[in-house]
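Below, in structure tokens: the form predicted alone, a single chain.
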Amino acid sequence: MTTQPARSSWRNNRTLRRFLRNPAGVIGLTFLVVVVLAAIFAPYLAPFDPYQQHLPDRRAAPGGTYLLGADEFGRDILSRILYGARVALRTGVVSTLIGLVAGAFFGTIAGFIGGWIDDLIMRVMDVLLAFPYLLLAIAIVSALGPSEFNTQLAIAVWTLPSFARLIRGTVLSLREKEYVEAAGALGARSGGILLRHVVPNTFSPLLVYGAVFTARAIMLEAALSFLGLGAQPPIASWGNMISEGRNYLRLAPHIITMPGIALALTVLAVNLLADALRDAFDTRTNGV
């Protein structure tokens, strides 16, 4: 019996090769890199100030001065999409990280310690899971007030129980591994076993689920902004842009379709990346 932990997928070059052999994952990652760079360099890439109104050019069609057209106030849609990417990515990443860290903490404690602490933590998570995710987010934002930070907090609370249950199950499985039992038999302390043998082997599922929930968080942020509970106008947000454009669907459909396409492609790219990461880390489906 050995105390050597199983090699983490993070240290396995075959994981990277499996990912690179997945064309959908590479496409998703490439598109996401483009979106991130566009968001970072939005002040330099945007042809106009996203908040500057050109009333004579209201609802201008795509092409010419405005590559993707202008909205109902004559604001350049391309510029607003670039700045809206900042809100979408920031909310998606920040809210997922908060939920991931908190969920991983509670899930690890529940799975490793067990007993009444496990029961207490899991019952709290069950209560949160009992609420429909959109209703829970609306309730939290309504109580705290609409803002981008409160939206991030609401989404983080929604993701927390899923991460906690995932990590709890992973930790319970890892506790039964031979190298964990051997380490305990040789006198290793619980804290050392947890930090050296258990926590590192939870990174792979956390990364995959983190990507999945980032896509969902971007969608939820857009939904809350559409309802007026997310980033508040005139802040450029894809949800706000879709909400404002719905009144001009027949007269100027580009106002709503352009940010809708940006949202759909970004969420699709994140989902493609998540699927590729899942396949790369799952050695059972790769003959490894």
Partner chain sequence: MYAYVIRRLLWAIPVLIGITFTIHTVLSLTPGDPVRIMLGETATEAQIEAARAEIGLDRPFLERYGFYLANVVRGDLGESYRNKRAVAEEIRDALPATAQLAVAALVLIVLLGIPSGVMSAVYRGTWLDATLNILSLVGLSMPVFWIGLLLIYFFGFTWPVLPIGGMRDGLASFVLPAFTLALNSYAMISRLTRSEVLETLGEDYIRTARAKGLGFNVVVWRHALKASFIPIITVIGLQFGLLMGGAVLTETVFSWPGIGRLMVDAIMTRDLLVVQGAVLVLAIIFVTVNLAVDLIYAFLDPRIRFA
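Positions refer to the first chain, counted from 1. Because the structure is a prediction, the values reported are computed rather than measured.
One more form of this protein should be noted, the form predicted together with its partner chain, which is absent from this view; the next part is about it.
Student: Using a 4.5 Å heavy atom cut-off, which stretch among 99 to 107, 134 to 142, 85 to 93, 203 to 211 contacts its partner chain in the predicted complex?
Tutor: Selected range: 134 to 142.
Student: For the three residues Thr257, Ile261 and Leu268, which mark the spot I'm curious about, does each lie within 4.5 Å of its partner chain in the predicted complex through at least one heavy atom?
Tutor: Looking in the predicted complex, the three residues Thr257, Ile261 and Leu268 all sit within 4.5 Å of its partner chain (heavy atoms).
Student: Would you mind picking the one in Leu29, Val36, Ala42, Leu227 that has a heavy atom within 4.5 Å of its partner chain in the predicted complex?
Tutor: Comparing distances to its partner chain in the predicted complex, the residue within 4.5 Å is Leu227.
Student: With heavy atoms only and a cut-off of 4.5 Å, decide whether Arg168 touches its partner chain in the predicted complex.
Tutor: So Arg168 does not count as contacting its partner chain.
Student: Wondering, does Val127 line up within 4.5 Å of its partner chain in the predicted complex on heavy atoms?
Tutor: Yes, Val127 lies within 4.5 Å of its partner chain in the predicted complex.
Student: Verify the contact flag for Leu272: yes if a non-hydrogen atom of it lies within 4.5 Å of a non-hydrogen atom of its partner chain in the predicted complex, no if not.
Tutor: Leu272: contacts its partner chain in the predicted complex.
Student: Should Ala46 be counted as a contact of its partner chain in the predicted complex, where contact means heavy atoms within 4.5 Å?
Tutor: No, Ala46 is distant from the partner.
Student: With its partner chain taken in the predicted complex, which residues across 239 to 260 come within 4.5 angstroms through any non-hydrogen atom?
Tutor: If the 4.5 Å heavy-atom criterion is applied to its partner chain in the predicted complex, 239 to 260 yields Ile242, Arg246, Leu249, Arg250, Pro253, Ile256, Thr257, Gly260.
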